[in-house]
Structure formats: C-alpha cells, structure tokens
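The chain below stands alone and is given in structure tokens; this is the form predicted alone.
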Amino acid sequence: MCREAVELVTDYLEGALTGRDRARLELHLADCPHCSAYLAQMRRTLDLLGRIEPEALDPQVADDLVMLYRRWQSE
C-alpha cells in the first residue's frame, strides 16, 4: 500500500480523490508513520514553493527544475 499511497498523495492534497480512495489513504496514513511523514514533507514543500515567484529564481535553477520535470515525465 505504501507505493500506492505515495502515488495518491498529490491527488489527495489537491482534493481530487474519490471518497473511497481518500478514506483508504487516510486509514493507511493513520497506521503508517513513513507515509504520514511523506505527506507532511509534501505539504511543507508545496507551502514553500507556493511562495516562490518565478522571477525570483536564478535562471540556472529554473532550467534545472524544468530539466528534472521533463526527465520525470519521460519515465
């Protein structure tokens, strides 16, 4: 279930899960400290990234992020 939970975290945070999937994930999170920690890290990351304006990024950092995203999408 942990692998499935990790795959569902983004949809969970965006409120895009069905009620059934949300309930299953929340049951898992209640008993799995590793997935709960992962969810907390994702929430913190989104909170921090939500405050960064694209213009504030160093151009090299922006290029690196785009490259990482493209690599992740191609997998």
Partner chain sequence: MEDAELVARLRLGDEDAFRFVVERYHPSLLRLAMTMVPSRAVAEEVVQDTWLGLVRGIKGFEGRSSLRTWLFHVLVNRARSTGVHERRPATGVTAGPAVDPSRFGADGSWADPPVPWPDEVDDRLVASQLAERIRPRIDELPDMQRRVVILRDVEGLGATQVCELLGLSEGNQRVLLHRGRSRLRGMLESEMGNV
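Residue numbers count along the first chain shown, from 1. Keep in mind that this is a model prediction, so the values were computed, not measured. Rigid core here is just the name for the largest C-alpha set that superposes within 1.5 Å across the two forms.
Although not depicted, the form predicted together with the partner chain is the subject of the following passage.
Residue contact check for Val66: one or more of its heavy atoms lie within 4.5 Å of the partner chain in the predicted bound form. Looking at Thr18, you'd find every heavy atom of it more than 4.5 angstroms from the partner chain in the predicted bound form. Using a 4.5 angstroms limit between non-hydrogen atoms, Ala30 is distant from the partner chain in the predicted bound form. Proximity of Leu57 to the partner chain in the predicted bound form falls within the 4.5 Å heavy atom cutoff. When two forms of a protein are overlaid on their rigid core, residues whose CA moves 2 Å or more are considered shifted, and Asp63 is one of them between the shown form and the other one.
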